[in-house]
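Just one chain follows, in the form predicted alone, and it is written as structure tokens.
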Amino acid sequence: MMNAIILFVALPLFAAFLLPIMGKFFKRGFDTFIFLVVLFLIFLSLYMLIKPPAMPYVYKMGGWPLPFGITWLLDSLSVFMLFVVNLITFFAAVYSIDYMKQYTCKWKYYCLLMLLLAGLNGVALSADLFNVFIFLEITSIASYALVAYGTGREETEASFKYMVLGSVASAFILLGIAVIYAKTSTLNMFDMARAMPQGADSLKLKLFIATLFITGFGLKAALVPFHSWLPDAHPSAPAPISAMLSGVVIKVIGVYALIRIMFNIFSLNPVISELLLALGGLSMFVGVVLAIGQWDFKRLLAYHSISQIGYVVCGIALGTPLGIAGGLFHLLNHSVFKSLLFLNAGSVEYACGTRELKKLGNLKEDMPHTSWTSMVASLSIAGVPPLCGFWSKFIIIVALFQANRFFYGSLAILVGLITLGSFLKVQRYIFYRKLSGSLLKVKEAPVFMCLSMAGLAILCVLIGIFFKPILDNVLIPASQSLLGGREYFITLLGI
């Protein structure tokens, strides 16, 4: 079972290789093939989450001893990330069955989706810093192509902007890796933690490297002030890809990769903690303020992604057990409710031909399924109990006050209230406003789109109801991986 972790990367890569061949000889069947691939991976990740094997487990590719060769790490945190990635990919793939009928060359779309999935799983598993970069680039390149998949002016412009800023981010990350390699003579993250210089003399070096990584991964995560690409890229992509970008991409190649390095290689120090808290608080506030004035449904959601990722960063940056658990919990919750909101936006645009709030209205009767799932997601992101978003925000706010971060705690409450107001506007304009000259011939989204939205809405409710066992059995063990600091990685050298 432990060696099955290679399937998280090998299977999507094999599917991506097979799809062009299938596209040459077949005109259909791609949906079923991709559905089976992602279904297998979600069951595998769920099995590892519910019945975790002996962990941490270090997979040594080719049998090379540490620190040589390529190394993968399966621990509570990487299993958690694998589950989140494959969960959202599953619902995006189901939604795509009907949604992508409006596009041509579905096999090319699915090929890019599988490359995206392989890259995300690879980042979650890699314990070799250069291979983290390789999988990060696979994810990024697939993302650039998927944002431009519609090939319209808006899509290509957004993709080009995303590519330019993504390349800048990659350059900062690669430079950071080069500086660490120059000082430690290793790329293995366990050995890097051992060889990283310690003491007061090394503080400036650590801060310089941390600055490079925070800039690079901050761009990937769209933290303010590195966020300018996201409001264009997320609305331009097809709806299931918007869900993937907001739900998992910015978290895995941005937040997850950054916190692995800051905690397990450097051991989080007060200066880095303060910097991340400041970026998180700034992202929370600026994102939600910019979202208020948006009338494009998907662009509004994009700005809220910036705001909500600020909650995640603020919680984890505290470095306390409660803060890290709350940050990881919000990472999961945001993946679920924000993916659902982007799928709702895709359904509205699919049915009405527009996503401008001022042109929409009275859809509650015509699109009841989209309406109720959107209401669940809106209440979740606003932090209304007992839905999932309430508990993660509540834990983060409590952690901030416990750590005497009263400013950030108060800011988190204020942002939550503004978020509620923003989504009340969304619900009113799209579903409840009486529109003179109402939209004609509006039909509910097709069945697979509705199934995907219903599944995510049910998850919003179930996670909120069963938050305690999730916190105790999944999130607290995952947070222990970060709380162990560099000593945790050093101990893995003996495995």
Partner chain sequence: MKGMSLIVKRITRYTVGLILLFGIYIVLHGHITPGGGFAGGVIIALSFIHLMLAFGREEADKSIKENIISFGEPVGGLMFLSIALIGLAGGVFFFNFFASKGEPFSILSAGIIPLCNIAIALKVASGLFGVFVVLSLFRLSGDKKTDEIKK
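Since the structure is predicted, the reported quantities are computational estimates derived from the model, not experimental observations. Numbering follows the first chain given and starts at 1.
Beyond the structure shown, there is the form predicted together with its partner chain, which is absent from this document and is the topic of what follows.
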Quiz item: From the list 469, 29, 62, 65, which entry has a heavy atom within 4.5 Å of its partner chain in the model of the complex?
Solution: 62
Quiz prompt | residue 18, heavy atom within 4.5 angstroms of its partner chain in the model of the complex | solution = yes
Quiz item: residue 483 near its partner chain in the model of the complex, any heavy atom under 4.5 Å?
Solution: no
Quiz item: Even though its partner chain is not shown here, does residue 6 get within 4.5 Å of it in the model of the complex, heavy atoms only?
Solution: yes
Quiz item: How about residue 476: is it within 4.5 Å of its partner chain in the model of the complex, going by heavy atoms?
Solution: no
